[in-house]
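Below you'll find only one chain, the form predicted alone, shown as structure tokens.
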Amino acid sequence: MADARAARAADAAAAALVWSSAVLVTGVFAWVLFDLVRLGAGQIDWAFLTGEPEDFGRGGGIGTILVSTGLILGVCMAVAAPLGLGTAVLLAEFTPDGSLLGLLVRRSLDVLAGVPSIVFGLFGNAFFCVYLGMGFSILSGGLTSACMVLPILIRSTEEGFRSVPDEYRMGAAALGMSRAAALRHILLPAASPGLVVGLTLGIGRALAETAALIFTSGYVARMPESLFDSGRALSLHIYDLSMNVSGGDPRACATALVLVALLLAINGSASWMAERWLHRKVSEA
């Protein structure tokens, strides 16, 4: 009886700890969101979302900032998504467990995932801006963001593939399916939750990045005409309004609120699309 009571007490303590952690995290997010809404919601209207910044950002809007942010994110994911998916497939499906190549790649990814973003910014400035001659541009910022996103995307997608039961692979082999067909029709849909996690984490880091983009994409707030033009991202705009512009805090909060809304919309859309894709593959099977 004493052992049973001790076990129940331990279970209750563990449950209380888990729920307390969840409530704490939710409370912190709600607190931050409440402050952003309180200080910035009154600044947001159609003119704010479509206009150009005026008076160093104290007036006008963030239309050009949104365009630059979208272009940087588009370049980032266009490069990172195929490279990340291909590397994750190589590590999970074609590299034997315990191989030296797999060990070196995984350790390198783990180290890169912990590298400060400003180091990526210095690398992007030296390699993309100077060595490749791209200068301060959206292309340089997007490629640097892709370098930051790749470790998270690869590791999350790899774990998604490793979570797929081996029975799926053996069943595909018993049906005479090639490895490519099994990967496309069985393994990739089953591993889609891991892919979605990697994409959403990568998009979140790319959208929220500041230090790396200072050295690569630049500060220019005008409408970009090509990927080789400089462009200011939302995170940089928030930083500039908060730190360098007197009286810019209300506009900074409004811009931060738009950024949070974009993150929530992208995360929800990615999860919804992954669920629909998985259900369609299951219904077709």
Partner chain sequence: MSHSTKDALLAWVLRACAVAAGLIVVLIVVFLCLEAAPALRNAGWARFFTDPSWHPNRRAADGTFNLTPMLWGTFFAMTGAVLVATPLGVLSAAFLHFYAPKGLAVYYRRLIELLAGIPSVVYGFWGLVTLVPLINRVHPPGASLLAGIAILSIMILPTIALMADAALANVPRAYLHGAAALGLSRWGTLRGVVLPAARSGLFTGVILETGRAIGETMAILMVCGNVVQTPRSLFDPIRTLTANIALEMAYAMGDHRSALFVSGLMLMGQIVLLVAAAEYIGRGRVHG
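Residue numbers count along the first chain shown, from 1. Model, not experiment: these values are computed from the prediction.
Omitted from view is the form predicted in complex with the partner chain, to which the following refers.
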### Message
Quick check on Val32: any heavy atom within 4.5 Å of the partner chain in the predicted bound form?
### Response
yes
### Task
May I ask you to state whether Met273 is within 4.5 Å of the partner chain in the predicted bound form, using heavy atom distances?
no
### Message
Does any part of Ser163 reach within 4.5 Å of the partner chain in the predicted bound form? Heavy atoms only, please.
### Response
no
### Message
Is Val260 part of the interface with the partner chain in the predicted bound form - any heavy atom within 4.5 Å?
### Response
yes
### Message
Counting heavy atoms only and using a 4.5 Å cut-off, do Leu83, Leu122 and Cys147 all touch the partner chain in the predicted bound form?
### Response
yes
### Task
Give, in sequence order, every residue of 233-249 that has a heavy atom within 4.5 Å of the partner chain in the predicted bound form, or say none if there are no such residues.
Ser235, Ile238, Tyr239, Ser242, Met243, Asp249
